[in-house]
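As structure tokens, the next two blocks hold two forms of the same chain, structure 1 and structure 2.
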Structure 1
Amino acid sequence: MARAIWKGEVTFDGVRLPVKLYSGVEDRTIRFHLLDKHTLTRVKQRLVDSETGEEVPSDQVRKGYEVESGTFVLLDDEELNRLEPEASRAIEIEQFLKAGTIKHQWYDRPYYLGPDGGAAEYFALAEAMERRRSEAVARWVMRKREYLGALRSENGYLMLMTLRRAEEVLSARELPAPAGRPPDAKERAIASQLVAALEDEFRPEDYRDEYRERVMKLIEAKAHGEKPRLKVVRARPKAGSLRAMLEASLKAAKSRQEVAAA
């Protein structure tokens, strides 16, 4: 059983629902360290004055914001601490929305909420959100940091996804369409058929981080003094006209479908 990382209260309109917060994910990235090539020991970082190159002790460093080129306004730790929001247990709901309104690009980290104490209210809220097909925008302060999140109901449980802020998300709508001649109708028709031929369910269990396993094997082999055998980089397949390649791809995809259906 996972340990709760924080306790809070979902708060809106007279509702106060005590909950516990659990991480919804586990990080499985292989951790490398930076080493000094010559001594094979871990490196450290130090702060140096960019002009004199002299080391600067960390307690003599202040934070500066560049208001114009070469001009900084300095802030000390006390001032920065005063900008932190007040500690609170409240997960304040700001608005309920139609589920799916908040796009994926906003998502940062998912957390499960679990009941803290009586579960009846918890499951009733999950059910009510499900029935209303809704999600909500929430704000809370956890470990001295202010968070923005989406409260959602998933398979009977409540989840809180932390969200990125407006300034952090670039929208495709801000971008121009790529330059160049648009594809013709015939090409578009074949391409759409090819997409349809490759259609499938989303099956996350079909994908594993195989690369991570291969890197671990490589490390293991090297640790045992073996010379790892690595693949030779293979040449690229030949190119043809876009139309010809699409037609050939569609044919191949269709014949695979027939084999699968037979």
Structure 2
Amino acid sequence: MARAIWKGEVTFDGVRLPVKLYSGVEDRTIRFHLLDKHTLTRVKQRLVDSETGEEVPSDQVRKGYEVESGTFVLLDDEELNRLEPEASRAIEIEQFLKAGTIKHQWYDRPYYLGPDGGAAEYFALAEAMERRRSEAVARWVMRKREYLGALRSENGYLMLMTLRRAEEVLSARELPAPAGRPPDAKERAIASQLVAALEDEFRPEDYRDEYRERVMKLIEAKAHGEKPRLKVVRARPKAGSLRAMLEASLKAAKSRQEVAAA
């Protein structure tokens, strides 16, 4: 059962819709403790002076922003606290857009919004946004931080995606200009056939963290006193020419389709 991590109100044009915020993803990163090699007790990381190597007490540490090499602007917590956004529970919708207007590189982290009472109004908004194929730009403050997000309707529920800021998103125009010759007609045709041959349904369950699964299997085996034999993960073969790669991939894709159809 999902647990709400925050409560707020979606607000626009005089409407106030109470909602609960739920995380849309779960961090499954494997985290290790650092242990002393001989005693197997946990070791701690300490703050030390980079020049003398001596430990610096936490109450003697200052925050500084380096404006040029070796020159810092010092800041204290009181100054930074005065700059924090005003606390609020409002998720303020600023504008509605046609769905798909906000490109993928702007998306950061997904959340679900569930009704907190007033379910009829909640589902009416979700249905209206889905029917009109629209999404909204919203701002809100949560835990002393201001967020920008995209509000969408997903399978009858509202989903809130945090967005990156304009200064964080890079344009493809900033990439180096391509070098070398453009693809010829045959390469274009083969690439088009390959894309068509590989088109399929997206099945999220097919894309798991295989490294994490191998590590967890090793941990579980060692926890039960076993000494598993580790298989070396084979590197993928190096790529050849574009045409050779495309022809080989197209041949393999056609073979898979023939096997599936048999």
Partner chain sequence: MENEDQQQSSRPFWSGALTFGLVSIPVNLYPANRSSRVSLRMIGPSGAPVSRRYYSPETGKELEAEDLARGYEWEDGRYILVSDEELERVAPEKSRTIDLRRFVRTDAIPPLFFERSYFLAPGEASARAYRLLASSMEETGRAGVATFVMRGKEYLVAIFAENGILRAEALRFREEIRSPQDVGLPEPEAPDARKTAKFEKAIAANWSPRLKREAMRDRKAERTLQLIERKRKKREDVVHNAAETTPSKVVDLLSVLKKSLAEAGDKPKGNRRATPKKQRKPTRARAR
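Residue positions are counted from 1 along structure 1's sequence. Since the model is a prediction, treat every value here as computed from it, not as a measurement. Think of the rigid core as the biggest set of C-alphas that the two forms share within 1.5 Å after superposition.
K.L.:
Only one is the form predicted together with the partner chain; which?
P.N.:
Comparing the pair, one sees that structure 1 is the form predicted together with the partner chain and the remaining one is not.
K.L.:
If you line up the core, does Ala177 shift 2 angstroms or more at its C-alpha between structure 1 and structure 2?
P.N.:
Superposed on the core, Ala177 moves its C-alpha 2 Å or more between structure 1 and structure 2.
K.L.:
Return yes or no for Asp27: a CA shift of at least 2 Å between structure 1 and structure 2, with the rigid core superposed?
P.N.:
Where the cores coincide, Asp27 shows only a C-alpha shift between structure 1 and structure 2 that is less than 2 Å.
K.L.:
Please state whether Arg212 has a C-alpha shift of 2 Å or more between structure 1 and structure 2, with the rigid core used for the fit.
P.N.:
The answer is no; the displacement is under 2 Å.
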